[in-house]
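Following this are structure 1 and structure 2, which are two forms of one protein chain, each written alone as structure tokens.
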Structure 1
Amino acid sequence: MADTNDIQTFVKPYLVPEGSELLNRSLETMAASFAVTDDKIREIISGMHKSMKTGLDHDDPDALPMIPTYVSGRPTGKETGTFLALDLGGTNLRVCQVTLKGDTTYSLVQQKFTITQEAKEVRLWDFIAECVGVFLEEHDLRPQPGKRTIPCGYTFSFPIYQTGIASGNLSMWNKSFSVPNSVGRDVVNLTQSAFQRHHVPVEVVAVLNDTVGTLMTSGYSHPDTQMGIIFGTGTNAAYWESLENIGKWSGPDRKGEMVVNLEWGAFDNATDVLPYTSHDNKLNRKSSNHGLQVFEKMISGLFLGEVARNAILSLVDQRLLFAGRSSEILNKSYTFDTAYMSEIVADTTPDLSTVKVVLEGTLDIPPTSLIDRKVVQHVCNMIGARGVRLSAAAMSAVLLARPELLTSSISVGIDGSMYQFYPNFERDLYAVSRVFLGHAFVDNNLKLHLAKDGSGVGAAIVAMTVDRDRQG
């Protein structure tokens, strides 16, 4: 087995014997810069634990946010009932009816409404109430006998400062929304008031983000779920933490557990421990949120292709690739999609014909040689491998933060395009985690599950746990 502490393990696979000495020297330097050795992962785990501990104790701009979510009831998979979920995104409002069947399975009925420009600028809350009213009418939904309202979970994908399970003040608008008299106010109150104006018999009992929803979706189907992760366009994680470890929690009860939202995309913004390269710095320097979400920019689907584009162009500029030529498309930022990386990495044809199609057909690069195509595949592999090793490091760090739970089986619910579609992502997560969590634990006790639709199903499941706990 390769020694994943030896830098040569990360360099040798990416050399091109038939290429020039100059090319191979550059590839060696590049591969070494993207390498994440086992010792480096141990350093990252240690750095993440320190940041988590600080963030749990108090709010610190240099530490992970570690946001208490007020979600404190684990699902068992045996609950039954019909619950609503609202999923407010940048483009659509989704209204979902989730029926929990009591046997760890559920069914979903949903409807999408395109958010109008008028709603984004003026009358969002009334627009939401009208859409929910239409959904209830079309699906003939009413409160249960003896109840006045239908409980609803609310996935709100704009920044809020959460003050309770069903309250959170809007920090700012983004995604081209600009509804007046909203910033600083409670988004649940604003929505609930609109429901009352429009006689919509729905009560928002929980507000959450999609990562918490992913954890809860997995938790209903797999009650031993300890963690929810998004490995997609962006990345984040949430996990169950013991309340006695959350120093900044000021609630009355310090017994039991609560879901904590790490916002781990912001880990190590100072790049003290992450293996940060000039290609990452170029992306970061040119991004609108320069110096923020540094970890996310190294592992998530929105950014991996851009890191690869920067690395490819650095070889072009040295006249070691494509004979020093590029194309108008490749010269523009964010044109080398991470989906192209997936196709390139998966190509096993002798002449790398898929790589040729992507480079020459899609990106309009002049005719390429087989050496060119091998180099591009190697660059994508270096960056993809770094991404999955960093992803496994973060997942392992969070699981190791609750060592008392590692004696029994643990499930992790994961959603997102990287996990679903990037070649061998799940296989490599398991492989890397074995080194840090132990072979026996990973092989016998750790189960990774696809947990789709946390923002819909997960929100309804949180509404269920709140409703259940209210009824004692």
Structure 2
Amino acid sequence: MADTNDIQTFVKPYLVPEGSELLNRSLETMAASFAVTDDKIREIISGMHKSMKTGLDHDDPDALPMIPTYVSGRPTGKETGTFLALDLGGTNLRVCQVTLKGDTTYSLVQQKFTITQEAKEVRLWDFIAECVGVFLEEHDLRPQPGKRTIPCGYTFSFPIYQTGIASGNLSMWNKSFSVPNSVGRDVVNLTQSAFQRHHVPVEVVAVLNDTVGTLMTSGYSHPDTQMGIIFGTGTNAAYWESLENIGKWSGPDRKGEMVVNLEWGAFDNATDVLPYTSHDNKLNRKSSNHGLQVFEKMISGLFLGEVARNAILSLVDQRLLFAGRSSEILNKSYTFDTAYMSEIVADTTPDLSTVKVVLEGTLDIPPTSLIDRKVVQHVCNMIGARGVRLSAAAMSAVLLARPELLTSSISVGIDGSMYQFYPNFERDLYAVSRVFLGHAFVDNNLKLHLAKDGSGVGAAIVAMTVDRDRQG
């Protein structure tokens, strides 16, 4: 099939006619390197399908992890009860008390604790126990009469190889976490031991990835949900797969279905198909998980700003931007927040006044010209557009992997800061998906839903089903 978006289509919008020829040549090269043409997306989809198939069949370090989650019952929307849920994300720990109302709706009381750097690097488990202790005390929660503990669902937003519904070994840290003596160990045990040390009467009855929580929450309100996605600090997805297709599943049941956690951030770490640039490589080389989670580093909120910073500095170094001057702030890693990118790409003022505030006010760059500001906006747009096109490619790949689903209406539950706050992210996801899933299908049958706080609510839903099964 002919490529409907060749490189030229991607390059043109990023030129600055009033800028020098040299500047425009550099922008052209940069835009071409970040371009994700339709043909490229087709290549990515087929690469992803291969990797998913291998990962479902056996564990292979070069393929997607495709982790069976032990979650095998779809929510009906009729579940009721009040449950405790913990949601450990990349930035915050949320402790929630979730009430499922049985009519596809829920309410929640939650307390958000920002995860300190010390917790990320040293004492995460004690930090979690302390926060849960505070929540129980402030909300006066205790075990039901006759019980010693409060059952709790636990969303854990890092890759764990599950060995049961309430056990799983951490395969690696990412998102700048590096708590020692944790990799390879059961995260539920580590958390539960901290609860004991801190006399917190809580028992984790289910552990799940945040994408699984998002899938379950969306399924509670929209029973046709087939997939849960996080486009946030990190990125990943989970979907319903038929057990017959999970070759590596060694449990007793081979019929029915199970949620599989793709851990798609690990797609194509070898960068065989991804449009990987020197700016990505610079980030990757300096990261604590060098060579891992490469796809995630190209699309998620923790990293996009840093890729943009690298690209901007490359133009400064060529003396094509800010008259060759940077600032102390901009010279430091991770100072160009992805939230600044959102502000910059959303600026429609004729003199790009928001861009000016971010560059001069926040990043302390010497007075900028309008050309400088246009260039920065273009760079952010190139990297943001690449992110959303890659995101849509991954979502389309998963849906296309189960073509039987594409005959009826389906919902996808999504949460995360990129989906919520990056300008036009959802609109562009729909637009790109149309090309690969078909216009009629996307317009009539595909619904993307924000599953806000989905990971916490999903943990409560799974905890509820486990608790129900236990009581027989």
Ligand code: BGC
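Whichever C-alpha set is largest while still superposing within 1.5 Å between the two forms counts as the rigid core. Predicted, not measured: the structure shown is a model, and the values here were computed from it. Each residue is numbered by where it sits in the sequence of structure 1, with counting from 1.
- Taken from the form predicted on its own, structure 1 is distinct in origin from structure 2.
- Once you line up the core between the two structures, the Cα of Pro223 stays within less than 2 Å of where it was.
- Gln111 shows a C-alpha shift of 2 Å or greater between the two structures [criterion: core-superposed Cα displacement of 2 Å].
- The Cα position of Ala339 differs by less than 2 Å between the two structures after fitting on the rigid core.
- If you overlay the core, the Cα of Glu137 moves by 8.0 Å between the two structures.
- The rigid core superposition between the two structures gives a CA shift for Gln97 of 2.9 Å.
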